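Shown next as structure tokens: one chain only, the form predicted on its own.
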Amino acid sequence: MKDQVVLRIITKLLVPFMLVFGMYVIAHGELGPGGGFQGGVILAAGFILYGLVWGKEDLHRFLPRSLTDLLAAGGVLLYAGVGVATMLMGGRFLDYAVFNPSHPGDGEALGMLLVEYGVGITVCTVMVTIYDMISEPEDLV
């Protein structure tokens, strides 16, 4: 797609907005429609669009495979870590109220936000990894 100048320019303009919107959907998932899964899919769609238009090599310069593997594991650890932290603080698994016993609503918001980001990071990086694994190598295109 090296000769598709308009497509490349539109992609460069569109991808940052997709990434910001994905982060917004993750962050406001507990307040309205959206959440970690939906936001993670939007983030992954931005990265995959970039990879489709600019090529896998450019995507790997921006988001190396080692980073996606690390972030996928980190997202799962964030999710599980919040649950373990609530248990260590005397609550049940993912009982967010223990984060702020005097104002349980604040603890709920913090706990849900951390869990949503854990899910979003994991979904995004796993989808990018799946795209990376099933897409054709550069030399065959």
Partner chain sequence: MAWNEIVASVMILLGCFLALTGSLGMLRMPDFYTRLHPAGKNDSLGSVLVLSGLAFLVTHPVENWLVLAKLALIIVFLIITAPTATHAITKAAWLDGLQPWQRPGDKEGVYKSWEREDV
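Positions refer to the first chain, counted from 1. This one's a predicted model, so the numbers in the text were calculated from it and none came from an experiment.
From this point on, the text means the form predicted together with the partner chain, which you will not see here.
With a 4.5 Å cutoff on heavy atoms, L14 counts as touching the partner chain in the predicted complex. When contacts are judged by a 4.5 Å heavy atom cut-off, I130 does not count as touching the partner chain in the predicted complex. Contact check for V20: no non-hydrogen atom falls within 4.5 Å of the partner chain in the predicted complex.
Using a 4.5 Å cutoff between non-hydrogen atoms, I134 does not count as a contact of the partner chain in the predicted complex.
Along 1-32, these residues reach a heavy atom to within 4.5 Å of the partner chain in the predicted complex: Q4, V6, L7, I10, L13, L14, F17, Y24.
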